[in-house]
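What follows is a single chain, given as structure tokens, in the form predicted alone.
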Amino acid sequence: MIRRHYKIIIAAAIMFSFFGFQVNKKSGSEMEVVKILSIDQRVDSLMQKMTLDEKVGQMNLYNGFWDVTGPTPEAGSAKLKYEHLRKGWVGAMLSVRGTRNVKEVQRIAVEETRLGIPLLIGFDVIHGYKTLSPIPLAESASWDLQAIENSARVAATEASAAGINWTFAPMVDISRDPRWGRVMEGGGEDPYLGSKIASARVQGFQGDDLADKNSIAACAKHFAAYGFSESGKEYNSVDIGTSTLYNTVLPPFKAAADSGVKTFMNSFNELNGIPVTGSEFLQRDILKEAWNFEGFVVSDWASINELIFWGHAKDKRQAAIIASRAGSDLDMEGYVYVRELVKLVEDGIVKESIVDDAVRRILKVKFELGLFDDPYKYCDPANEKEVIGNAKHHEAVLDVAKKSIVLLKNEGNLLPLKKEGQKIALIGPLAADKNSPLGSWRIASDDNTAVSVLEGMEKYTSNSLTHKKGVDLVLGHTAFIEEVVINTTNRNGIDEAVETAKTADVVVMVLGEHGFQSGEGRSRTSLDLPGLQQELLEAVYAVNKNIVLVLNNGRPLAIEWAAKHIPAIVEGWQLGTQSGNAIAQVLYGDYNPSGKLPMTFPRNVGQIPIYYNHKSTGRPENTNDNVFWSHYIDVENTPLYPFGHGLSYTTFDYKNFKIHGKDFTVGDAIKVTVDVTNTGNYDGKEVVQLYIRDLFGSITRPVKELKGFELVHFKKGETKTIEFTLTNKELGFFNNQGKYIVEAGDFEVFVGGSSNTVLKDAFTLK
């Protein structure tokens, strides 16, 4: 009897589980039955009920295609998509936001389709939803992993309140080329720092429990090597060696996978002649097999269809074969799987097991999000109203914005500004701008909602502040999907700005890029100040040399003239909603800057790619006083500002650097200590950085590699001993077959406040 009763319970549980949300209508005892089953069992039982059409439908992602509060689509592609949605042939949607809209599309999926499978609702929540944090590259300059995680948590909280349960972030592409506009979305040039940031952002988005109502599934993108697009041009080819792939490109993706990220997105580039959307090597061999990734892979926008344009697939049919076999599970706006895959399976060309694997992965994420238990969990209008844009979120994004600012130069201690008795001229096209500081990738935010630098500085009322634009940066209306038009002819405001600067004690100039000059599709061949800004800067400098240059930009710029002439330079990036308040508080010393560069700043665009962890080459130095060594004849090899650089209003002294031992065996833990003292007049934070060099390897190693950092707060005059531990995890590397190895040999260790540190010691590994 007991055994028979147990079988009945299990059978009932299997029956109830496949109905998704409808289980909630059952009695409490029946709900307990469902809980007996694991997520994997619930997925399996649901799949047993699915037709092939319904399975392939789960592999189909559509962009929002009609006003869900309006009439039903009656013609064209919108009508077709709507019919697919009602048939259960849509697994996910993007760009549907707001609880009212999301609830309606979710209602159709769970109440009008045969099986009631809920939708994933995706959105590009890149650096915030409505309340914006700094662009990701700027956040990375904080080197503050907790602040970065908190920023992603704010974004997830607001996005989930608006009905979204999946974000297409974080972007974890390593890139050494600031011409590529999408560097603004990533963590910079270094795989160690990038890996730490990837983990922090995944944790911030997904939280401790993915089923919580304010957690959303994260997506590590773009897999892989997109940041190495040739010439920094968007959607371009990539041609790198396996050493770069394994040691530089893949580590942040592996860190994201190890942190439990639920989804990956493939990218637009090719690698080794294979568009990565069709790369079985990347998606199956590495991600799903070697790394044992259990989530799913979504294509980037129409990238499966673009296999045709690459010349890799003859037509949509062949594209479906290639991408599905390669492990691309969900087709974003490609119309390929939904049109071709059922017939391909029926004809025996694509195995149904390939479809089953993809669908199982997609359904599992939906179960983990709790969508089958409550498909409307993200659709609470009262919560939406309460959460989005609340004061706590503004406080949080202001905090990370201040931490992201980098003081590049402060000659003569021109900063911080005195708080009274000064006549300050605020000049520049971005000084009063409330739109550009929001940066790119801020689709859900409202235009002109950033606090401008002018507004931030006006809160300090004991100085005389005069504002002049000088020149316009852009002409005409700009929007996310449009090109910006740069002003190169209208100089009407320069003379007035110069006259204002003549009588000022200090001139603060806010210059840089418009927020839509970086991001997807915004590659640049010049990294100079756009338009007439350099002309304005030099004109003002001619009458007043007490200039504080505040940069607003989404990528490293080539500002060699400014670095030579301007006494104080602040990298203010595009800091989001609270931009102006953050910059003003740093300028006036209410916050002591502690940011460090996550990407190298070149002297000019001809040095690119330039990065700190380069190789030595066979002729690294001019040892024979001749021309035959690795260099340029028109500029020195060194960058303008190196990776890890960033000043403070105080100063730090490094002493007593010590490796505790000289000879070690592979596998030993190696202790490294250094005493750091705040020798200046302000309390402040320092990012203490540790680098290593493996002097001789079976594969040549970089001249320096970041392998540890600590963000430490020091009171004025305080000394602290900072300790690092080096293990196999830090001392090894991947060979060209992707195997991680640790080789015996000689190592150097460097500690300091940037990658330019010269404080060095050595040890031998046996």
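Not measured: the values here are computed from a predicted model. Sequential numbering from 1, following the sequence displayed.
The following text describes the form predicted together with a small molecule, which does not appear among the structures shown.
Looking at 350 to 358, 565 to 573, 547 to 555, 260 to 268, the stretch with residues near the small molecule in the predicted bound form, meaning non-hydrogen atoms within 4.5 angstroms, turns out to be 260 to 268. Within 4.5 Å of the small molecule in the predicted bound form, a heavy atom is found for not a single one of 402, 508 and 596. Residue 124 belongs to the set of residues with a heavy atom inside 4.5 Å of the small molecule in the predicted bound form. With a 4.5 Å cutoff on heavy atoms, residue 301 counts as touching the small molecule in the predicted bound form.
None of the heavy atoms of residue 253 is located within 4.5 Å of the small molecule in the predicted bound form. Although the partner is absent from this view, residue 441 contacts the small molecule in the predicted bound form, with a non-hydrogen atom inside 4.5 angstroms. Distance criterion of 4.5 Å from any heavy atom to the small molecule in the predicted bound form singles out 520 from the list 520, 683, 380, 212.
With the partner removed from view, the residue among 130, 222, 176, 179 that has a non-hydrogen atom within 4.5 Å of the small molecule in the predicted bound form turns out to be 222.
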